[in-house]
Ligand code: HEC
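Shown below, as structure tokens, is a lone chain in the form predicted on its own; questions about how it binds or moves come after it.
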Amino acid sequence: MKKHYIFLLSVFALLIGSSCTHEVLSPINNTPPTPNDSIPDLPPIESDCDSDSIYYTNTIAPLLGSSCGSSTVYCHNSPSDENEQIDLSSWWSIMNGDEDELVIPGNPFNSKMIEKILEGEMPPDTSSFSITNDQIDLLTAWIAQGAQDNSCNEGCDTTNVSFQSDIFPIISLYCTSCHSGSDPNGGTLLDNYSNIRNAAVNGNLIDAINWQGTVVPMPFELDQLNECYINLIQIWVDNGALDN
């Protein structure tokens, strides 16, 4: 019995020893990867947006959010006696506010929002922002299409980035309302190619949208631009900030 016990102990010790020792493996490559080695190019993502449709989440919300419906700067971020109880900070508040016929789905030119803009009442002369004809066209088309609370996946095709097709629409929606006219915010004009290129080349535009450096984060008091938009602007700048 004692011999069996000693034999079992010997086998157990052998197993322990063989399971805990191994040959040290040499690294295949001693050179650490550079930061860009692990970052692939962004693949194009197919969009499901209808080019003939205007979407509230994608277009109208940022347009209003960077101007009259801003959360801190402008007039219509919440209902009050000073703004005639008009709240433009969300789709629900636009469609369910106290102001009758503010937006009449399918009937833009009888909607008070469009009437006040076309008559020059809004934005008022004292406002620090402006609204362009293209932005008026977007609001009008959205209402004509039913003023829906809709959205779509815009995709992120980073191939062949163009100022006219990619960059200018982003800047127009999120920046131009504040950075145009005779008294642009921060003294920075972003209303045409030349002015946008100047801000891009000196680094202020990239710092602002990346929320870095000493410049004020942009869009002001809104969420940061989505990663796709930031990448598109960065690629455009890296490619020479061309008017293409």
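Just so it is clear, the model here is predicted, and its values are computed rather than measured. Start at 1 and count along the sequence shown; that's the residue number.
Not on display, but discussed next: the form predicted together with the named molecule.
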query	finding
Options 103-111, 89-97, 169-177, 149-157; stretch whose heavy atom lies within 4.5 Å of the named molecule in the model of the complex	169-177
Contact of N185 with the named molecule in the model of the complex (heavy atom, 4.5 Å)	yes
T59 within 4.5 Å of the named molecule in the model of the complex, heavy atoms	no
Partner contact for L222 in the model of the complex: the named molecule, 4.5 angstroms, heavy atom	yes
I54, heavy atom within 4.5 angstroms of the named molecule in the model of the complex	no
Contacts with the named molecule in the model of the complex - residues in 139-165 whose heavy atoms fall within 4.5 Å	none
